[in-house]
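Shown here is one chain on its own, the form predicted alone, set out as structure tokens.
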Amino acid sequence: MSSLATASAEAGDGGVGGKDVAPQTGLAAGRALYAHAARARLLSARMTFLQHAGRVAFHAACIGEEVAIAATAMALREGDWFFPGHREWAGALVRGIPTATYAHQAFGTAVDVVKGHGAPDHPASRARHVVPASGLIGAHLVQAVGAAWAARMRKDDVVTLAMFGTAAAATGDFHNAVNFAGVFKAPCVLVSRASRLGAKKADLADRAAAYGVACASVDGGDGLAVLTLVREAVARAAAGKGATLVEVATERFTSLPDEWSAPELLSLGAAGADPLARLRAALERDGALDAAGHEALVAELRAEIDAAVAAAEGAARPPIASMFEDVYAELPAHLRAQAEEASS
């Protein structure tokens, strides 16, 4: 059984979740979730070490939260849209953005589709329905709700999902987004990574009820429960029953081994505290993963990350003049002069 518990529901249909809801995912989904989360763990550790070495300018580590992030992104359907914050970059990989594409974006190479214009950890893809993270905390919540409302007006079978941290929940944009979603029953899901060390979980649930939005909470350490609950919320939105605010209790690990390749990286903290190790144990109990299969998977992921980082580090940087590209439909005269000077 999952540790899922409904915090509140104010939507007329009972909302989502419940104490007796068990994960309904299947072994294949469990294995896929572990692979996505393990890739995010290894990649986030590698990028953390690269940032400390001054080889990348910025990295928003998600170590300890990657299972919840991966499960949330997996819950979406193919045609749905994902609106991540900068720390939910791993969800873009779950949606199909290649690790190499992420690395080129993080290093800002000439191969990067936005030519280094975006900060690291802001991967995006129109084809994969991944919106770039906003530079303003919480702004993507309004964008996600607006996109959901537009889809409903067009009668498109589309659900939008925005994932955010506790800082975004304290912004005016959070109020605007949830209020609009509640009034107009926009087909969206808002997923909050609520720190176990932060405010009480009931705080966010109370606010959701005031807006007339269904709300449920789940232990972010139980990836299969997160996947089950968010899938239910997506299905509810697709059925025209309105928005759901999902609160996922997570905890980020900041103490890492000395090497990103250390085996203990995949099992951090006290016994049973690491969501990734917890998911692996559940899969092993069900016979979905064994030691040999796990070793092969980790070796494959490390090789994938090594190749992506090596390619990005060896790639050329965008030419200086490219800073003027893709900004204006027609460059103003003073910028056109600067672009010509930069190209000479």
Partner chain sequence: MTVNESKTPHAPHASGAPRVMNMVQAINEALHLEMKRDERMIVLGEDVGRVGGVFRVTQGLWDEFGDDRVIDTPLSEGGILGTAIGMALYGLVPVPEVQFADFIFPGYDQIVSELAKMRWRSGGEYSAKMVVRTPVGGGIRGGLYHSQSPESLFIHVAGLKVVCPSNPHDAKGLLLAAIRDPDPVLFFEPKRIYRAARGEVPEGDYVVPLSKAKVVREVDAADAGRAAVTILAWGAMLYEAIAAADKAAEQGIQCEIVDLRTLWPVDIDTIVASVKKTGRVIVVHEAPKTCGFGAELIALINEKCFLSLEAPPVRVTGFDTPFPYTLEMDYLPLAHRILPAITETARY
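Numbering follows the first chain given and starts at 1. Values in this document were obtained by computation on a predicted structure and should not be read as measured data.
The form predicted together with its partner chain exists for this protein as well; it is not shown, and the discussion that follows is about that form.
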Every residue of A303, A307 and A312 near its partner chain in the predicted complex, heavy atom within 4.5 Å
no
Can you pick the one in S261, S267, N176, T166 that has a heavy atom within 4.5 Å of its partner chain in the predicted complex?
N176
Among A273, L256, V113, A238, which has any heavy atom within 4.5 Å of its partner chain in the predicted complex?
V113
Of the candidate stretches 239-247, 88-96, 215-223, 154-162, the one with residues having heavy atoms within 4.5 Å of its partner chain in the predicted complex is 154-162
Within a 4.5 Å heavy atom cut-off, is F107 in contact with its partner chain in the predicted complex?
no
Check V327 for me: does it contact its partner chain in the predicted complex (non-hydrogen atoms, 4.5 angstroms)?
yes
4.5 angstroms heavy atom contact with its partner chain in the predicted complex for H129:
yes
With a 4.5 Å heavy atom cut-off, would you call V145 a contact of its partner chain in the predicted complex?
yes
Can you name the residues of 74-92 that have a heavy atom within 4.5 Å of its partner chain in the predicted complex?
W81, F83
